[in-house]
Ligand code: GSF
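For reference, the chain that follows is the form predicted alone, supplied as structure tokens.
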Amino acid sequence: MKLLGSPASPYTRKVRVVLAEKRIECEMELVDVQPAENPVNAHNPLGKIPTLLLDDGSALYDSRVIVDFLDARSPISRLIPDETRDRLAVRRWEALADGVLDAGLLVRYESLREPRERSQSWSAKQVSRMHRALAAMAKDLESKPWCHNDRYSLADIAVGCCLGWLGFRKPGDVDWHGEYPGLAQHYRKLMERSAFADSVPEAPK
């Protein structure tokens, strides 16, 4: 298998952490999807990362689809519960974390536009979404050891990749370390796992 992605992408990082936790060997090819014509287009019509190329020549895309496939591929360190209620709870955490990232990316892209073309109200709306979701995460996590029940799961991976990217790119100057200390503490615990520590993106230039 080969993973097409970028170290700076939080969705790529999610897949990389799952690969490490599942102890699945996978080559990674760094790709730039900014140009309209890029290497990913031949495998993923959306031209997005991460995209996972399988041994049979087919491809999987969207990090949620990829991690579902990887978790089912190996019995080691099951990250998505089998029981319906627990599985939905874990995927709900993932959806919330990914939603924060979606809003954060919109804020970042808006900041890269020409100043006269930027919409402050648009960015403010996305920042509000981020804060509501982060507050919900902090409330649901509270003093629990892990996001769902008493075991590490995909929920924690998704939240960790979300928080790591917010600290990396700082969209909208959201200070999640200071405003949500419970989340900061949870992230510090996640960073004790080699799968997270080994996948930290380089500081932005």
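Note that residue numbering begins at 1 and tracks the sequence as displayed. What you see is a predicted model; the values in this text were computed from it and never measured.
The following text describes the form predicted together with the named molecule, which does not appear among the structures shown.
Segment that reaches the named molecule in the predicted complex - one of 170-178, 44-52, 141-149, 156-164, heavy atoms within 4.5 Å: The contacting stretch is 44-52.
Partner proximity in the predicted complex: residue 109 to the named molecule, non-hydrogen atom cutoff 4.5 Å: Heavy-atom contact with the named molecule at 4.5 Å: present for residue 109.
Residue 105, heavy atom within 4.5 angstroms of the named molecule in the predicted complex: Residue 105: yes, in contact with the named molecule in the predicted complex.
Contact test in the predicted complex: residue 70 vs the named molecule, heavy atoms, 4.5 Å: It does not: once the named molecule is placed as it appears in the predicted complex, residue 70 has no heavy atom within 4.5 Å of it.
Partner contact for residue 59 in the predicted complex: the named molecule, 4.5 angstroms, heavy atom: Residue-level check for residue 59: no, no contact with the named molecule.
The named molecule in the predicted complex - contacting residues of 6-44, heavy atom within 4.5 Å: Contacting residues: 9, 10, 11, 33.
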